[in-house]
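One chain comes next, on its own, written out as structure tokens in the form predicted alone.
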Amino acid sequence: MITFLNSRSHKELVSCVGWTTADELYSCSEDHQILKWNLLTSETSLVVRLPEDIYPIDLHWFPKTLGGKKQNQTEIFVLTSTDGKFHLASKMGRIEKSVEAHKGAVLAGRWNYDGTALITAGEDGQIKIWSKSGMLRSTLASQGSPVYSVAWGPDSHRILYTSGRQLVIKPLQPSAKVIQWKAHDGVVLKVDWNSVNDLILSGGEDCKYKVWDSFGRLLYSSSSNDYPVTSLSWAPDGEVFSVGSFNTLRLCDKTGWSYALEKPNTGSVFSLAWSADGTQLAGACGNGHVVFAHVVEQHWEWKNFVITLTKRRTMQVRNVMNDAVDVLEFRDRVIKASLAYGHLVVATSLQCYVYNSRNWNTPLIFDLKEGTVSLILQAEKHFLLVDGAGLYTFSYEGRLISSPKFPGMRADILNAQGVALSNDTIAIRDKSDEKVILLFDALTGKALGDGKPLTHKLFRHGEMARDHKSPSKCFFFKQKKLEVVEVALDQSGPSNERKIALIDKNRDLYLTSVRHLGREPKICKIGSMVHSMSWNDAANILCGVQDNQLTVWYYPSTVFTDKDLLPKTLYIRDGSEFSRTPHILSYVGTKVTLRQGDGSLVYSSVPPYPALLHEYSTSARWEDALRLCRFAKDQSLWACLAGMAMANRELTTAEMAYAAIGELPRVQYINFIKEQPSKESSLAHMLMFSGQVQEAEATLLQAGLIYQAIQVNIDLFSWERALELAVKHKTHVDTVLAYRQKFLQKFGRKETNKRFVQYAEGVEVDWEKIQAKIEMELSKERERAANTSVRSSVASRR
């Protein structure tokens, strides 16, 4: 929706615009005037007439907030001009300071995010960094061609600038690596770099606009338009961007496809600026006008409801089941909204409205403190608001539950990929170190467990070494930490079983537990080439766009119980029905909603049985689960049931499920577990089944079953550990030596291990004695188990 305020306009080309508040804008023109536009009263007034020798090119207001906190400094802006100077001016238009900066025009001037530095780019090919007061700090770059546009990186440690047809990312540290690449077939005229999504925009004389990631990889390229791209700008939240050229204004999604195209009669659009709340856009036009645009017609869907933002303060709710329509009116303009779990949460500039989908007439309303809401996330029991100042968890009754805080928190740059919410947990990717995920209790706002964050470490297989002081302990001497791109928390089940899925920079998908009492968390890879993901709203089923197909992990947690089962629990939809890499918007019930590369929505349905199976498993209805699998006759369901039963130590069901998918060695091992003489032995072998060898050994040692612990290590050919335990507990040294000799004889080898040679000299190996000793150990264990069960039954009778 585009509007012009016809009260007054410039007489010459408008070169730059900048917002002071969400409803007040300054514009500069070659007619030497600075005008102030008030959108509430639709009035335009003259701020100041500049001296005749100042022809303005770029304007940028000093940042109002620092890390979400308001700065109390007087409002100033930087104005660059054709005479090689930049000017620091007050809100009243008084020029406080003019600085000789470049030979020829100063083509761009930008404050960094915290206002501690100013960067200017000139026609002379130089890029300079200045202090807040206008003192030269350094000349960052010098080249033979003009620098038309410049932008700060999200962390204010890197600079993006144009160099002819190329783009350059230069870190401020002198020794750091510079990234440079050919971006366009014509001169690059404009760039922008968003602090929330870390994506780069560029537009050039080849009439194309492009989206890049911060490594210089092309994510989207437009087709060639009619005219060169003269301006472009990211919306503050990084979800959309605008592009301006001759008589053309375009609104695009962050992935590149176009939402809307307007053809205002404005001449070239030389500068674009978004208001801080991201609802309004202003453009500086070649014919002396300033064009204003407002984002409307946004849509939200959940089950049978479709909600549309029809005007800036009005929403329409449509129930597609009966075509009932409700109209929601708001006092202020709508900034953000979210619809999920039967609730619509709407943030306006001053208030938050919470609607229940059963009653659209009486919303719960509470005032917002300060700052513009940039993100709303919902879980079943509560929702999370993110504004410039912090994160706040509210109940759907409007009660503030918690407000997590952490050192160096920059709430203003958090996005939906870097924050996840469930009923009991909040996960945040740390922007200062993207390998780290911070975990908080959603109900208290405090860090989970011992307060240590989760670090995504990649262990290289086969790069193991033994600790010489303790030969049994293995450690990895090569660890690689990788940046996390996206995080997601599962939505159902108890809090102590909460899982987090994460996609790293290599596009590998990992799963780990959120609560891992003091132990190093086990992070398991469950997929590769995953571009986006989403958990189901009611069951712990995960879907993802993997390479060029839709993959659904029916029971991802099976990776912790039996990782070989994982490939058998997948449901894969061929990607031929999708266009270029689609993005998952939601996974509700059995419906996955995806946004394609061209902006169209596609829906994919997932069979309902896995969700039912999760429900039966949670409520321990194993007979119903078996009936469901027999009815569905689906191998992937049987595989899920096998994993669920083993996780819950339901051996009979697990045995039947494994038999149904032809896993006979596992069926035999389950029978072996059932035959164990004591509960402790059974538990230890169940842990062994899941690959938790150290835990299994610890369980046996704790129960005083020394022989069983030694035998477990013998079975795994962990000879040194077996000998270490035997020597330490002064028992079964001969057993270890006997099995070792048998093992070496089988392969026709001689003993070379010094420790075994040493003990073999002093210990006699007699298989009859060893067998008798083992039999005695087992009968002792059976006897003890029987006594324990008798004691417990007597106690229960009492």
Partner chain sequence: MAKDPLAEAGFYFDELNKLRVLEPDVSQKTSELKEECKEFVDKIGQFQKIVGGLIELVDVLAKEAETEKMKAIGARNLLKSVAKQREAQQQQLQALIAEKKMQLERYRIEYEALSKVESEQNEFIDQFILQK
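Quantities reported herein were computed from a predicted structural model and do not represent experimental measurements. Numbering follows the first chain given and starts at 1.
Separately, the form predicted together with its partner chain exists; it is not shown, and the next lines address it.
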(request) Verify the flagged residues Trp181, Lys210 and Glu397 against its partner chain in the model of the complex: is each one within 4.5 Å by a non-hydrogen atom? (result) no
(request) Work out which of the listed stretches, 76-84, 674-682, 251-259, 354-362, brings a heavy atom within 4.5 angstroms of its partner chain in the model of the complex. (result) 251-259
(request) Determine whether any heavy atom of Val436 comes within 4.5 Å of a heavy atom of its partner chain in the model of the complex, and answer yes or no. (result) no
(request) Check whether Gly691 has any heavy atom within 4.5 Å of a heavy atom of its partner chain in the model of the complex, and answer yes or no. (result) no
(message) Given that its partner chain is not shown alongside this chain, does Pro567 nevertheless sit within 4.5 Å of it in the model of the complex, heavy atom to heavy atom?
(response) no
(message) With the partner left out here, check for me: in the model of the complex, does some heavy atom of Trp300 sit within 4.5 Å of its partner chain?
(response) no
(message) Exactly one residue in Asn247, Gln316, Thr455, Thr618 has a non-hydrogen atom within 4.5 Å of its partner chain in the model of the complex; which is it?
(response) Asn247
(message) Only one of Ala389, Val602, Leu172, Leu482 gets a heavy atom within 4.5 Å of its partner chain in the model of the complex. Which one?
(response) Val602
(message) With the partner left out here, which residues of 216-243 have a non-hydrogen atom within 4.5 Å of its partner chain in the model of the complex?
(response) Asp226, Tyr227
